[in-house]
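One chain follows as structure tokens, the form predicted alone.
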């Protein structure tokens, strides 16, 4: 099983997209669509202050009938952001994400956001590790 640091090195998770709390929701929606990502981190003065996901936009804007062109990110962002360190295992992240019903985790190192990993990244990593184990066992069994 890999660590988050190893996962960031080999995946596209190193692509970190940020917005300021004053950005409009429509700006975030456009960024999510353009970059094909499920969430962006909200930064203020180089400090993590929140995260906005597709789910946040759907639940808090479109289902409530708000105006995404006028509403600001700080009105819908998740403020109590659950984060992980680069030393965390991908399996540990999966357990955390499942328990907390979240799909993205910002990665924090020395007080700075260094990446954002998704549930998709974690699942892909676990499947790859299992495939590698199966291949090794097959080689061992077949001589």
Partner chain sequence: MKTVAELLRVKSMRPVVRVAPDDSVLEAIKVLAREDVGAAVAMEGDRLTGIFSERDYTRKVILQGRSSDSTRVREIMTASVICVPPTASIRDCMSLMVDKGIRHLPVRGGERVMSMVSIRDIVGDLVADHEFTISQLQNYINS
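Positions refer to the first chain, counted from 1. The model shown is predicted, which means the values in this text are computed figures rather than measured ones.
Omitted from view is the form predicted together with the partner chain, to which the following refers.
Of the residues 114, 48, 26, 82, just one reaches the partner chain in the model of the complex with a heavy atom at 4.5 Å or closer; this is 26. Note on the partner interface in the model of the complex: the residue among 41, 37, 77, 107 having a heavy atom within 4.5 angstroms of the partner chain is 37. In the model of the complex, at least one heavy atom of residue 133 sits within 4.5 Å of a heavy atom of the partner chain. At the 4.5 Å threshold, heavy atoms of residue 10 stay clear of the partner chain in the model of the complex, well away from it. The shortest heavy atom separation between residue 119 and the partner chain in the model of the complex is within 4.5 Å. Using a 4.5 Å cutoff between non-hydrogen atoms, residue 123 counts as a contact of the partner chain in the model of the complex. Contact annotation for the candidate site: 16, 52 and 72 all lie away from the partner chain in the model of the complex (no heavy atom within 4.5 Å). Along 88-103, a non-hydrogen atom within 4.5 Å of the partner chain in the model of the complex is carried by 91, 94, 97, 98, 101, 102, 103, in order along the sequence.
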